[in-house]
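Here we start with a single chain on its own, the form predicted on its own, put down as structure tokens.
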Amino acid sequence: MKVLVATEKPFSKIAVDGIKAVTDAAGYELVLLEKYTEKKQFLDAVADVDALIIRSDKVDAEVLDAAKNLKIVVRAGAGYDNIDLAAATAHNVVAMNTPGQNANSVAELVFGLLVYGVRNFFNGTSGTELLGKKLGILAFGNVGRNVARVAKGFGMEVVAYDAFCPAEAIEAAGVKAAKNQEELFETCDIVSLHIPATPETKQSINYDLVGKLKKGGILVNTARKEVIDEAGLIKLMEERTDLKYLTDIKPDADAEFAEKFAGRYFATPKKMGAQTAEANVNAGIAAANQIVGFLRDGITKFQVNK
């Protein structure tokens, strides 16, 4: 069996060594395609591989057409909107993600952004504290649960809503469950987004919903760019000069946000959620283990297509 790691943004050496240890132990051949600059390089590399590990790299129908022997592709990370799931299914390719491996990394980033935001980007003026503030978490998966854990350490009151997680499960984690996302925004000082980009969620964080935030409210997005209705958020922030938006995904309208909302808007230069040494290693090795589990034993626990 041949396993390709195709990463425009490479894994760390420690992660690659860990992946190789897993594939070597299984008797598989490991091939690396790192920092490639043209799609053709990717298409050529997948031609004869049985399994594929990616990060933010796009696996579309063209890639799947080129990968004649491909049986499984694993996205090392939680989000998997860079894989064409329908095309994968049509090509009889199992698609997986590695949920939870980046969760703590993303959660800590949320609070890095928040401390920076409430202290007015360290500009020397008097800011506010997180202690006693009410934090709303939209989606209570692995990342949301870690955000709740860290928030409690700051002495924050934590509320969560997840359309797919029962209120009882949220309450069992020591977090108050909101009835719906409207209530979450209405009752919280800060809302942190952890929803995937799906047809239902794209542009769902809009003028009306964010407008329900309390005075001085903060919206944090470490999820996906596509869930934000950028035009609606710009209009709202023009009308409400008390709101802040903090994100690790640059909006399409980044220049407009930066120009209009200096002191109330911050975006990292690139997506930073999984950019820790620990998350890099955890996700890469998890992907390798899932490939071995599938190819050897047919385990499909983290399959995301049908």
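Note that residue numbering begins at 1 and tracks the sequence as displayed. Note that the structure is a prediction, hence the values are computed from the model and not measured.
Below, we turn to the form predicted together with 3-phosphoglyceric acid (3PG), even though it does not appear here.
* Within 4.5 Å of 3-phosphoglyceric acid (3PG) in the predicted bound form, heavy atoms considered, which of 72, 159, 210, 78? -> Here the answer is residue option 78.
* Considering 3-phosphoglyceric acid (3PG) in the predicted bound form, which of 53, 274, 246, 63 comes within 4.5 Å of it through any heavy atom? -> The option sitting close enough to the partner is 274.
* Asked: Do residue 102 and 3-phosphoglyceric acid (3PG) come within 4.5 Å of each other in the predicted bound form, heavy atoms counted?
  -> Because a heavy atom of residue 102 falls inside 4.5 Å of 3-phosphoglyceric acid (3PG) in the predicted bound form, the answer is yes.
* Please run the contact check for residue 133 against 3-phosphoglyceric acid (3PG) in the predicted bound form: heavy atoms, 4.5 angstroms, yes or no? => So residue 133 does not count as contacting 3-phosphoglyceric acid (3PG).
* Does residue 296 reach 3-phosphoglyceric acid (3PG) in the predicted bound form, with heavy atoms at most 4.5 Å apart? -> No.
* To do: Indicate whether residue 20 is a 4.5 Å heavy atom neighbour of 3-phosphoglyceric acid (3PG) in the predicted bound form.
  => Judged by the heavy-atom cut-off of 4.5 Å, residue 20 is well away from 3-phosphoglyceric acid (3PG) in the predicted bound form.
* Asked: Only one of 250-258, 23-31, 43-51, 266-274 gets a heavy atom within 4.5 Å of 3-phosphoglyceric acid (3PG) in the predicted bound form; which is it?
  -> It is the stretch 266-274.
* Asked: What residues in 217-253 sit within 4.5 Å of 3-phosphoglyceric acid (3PG) in the predicted bound form, counting heavy atoms only?
  -> Heavy-atom contacts within 4.5 Å come from 224 alone.
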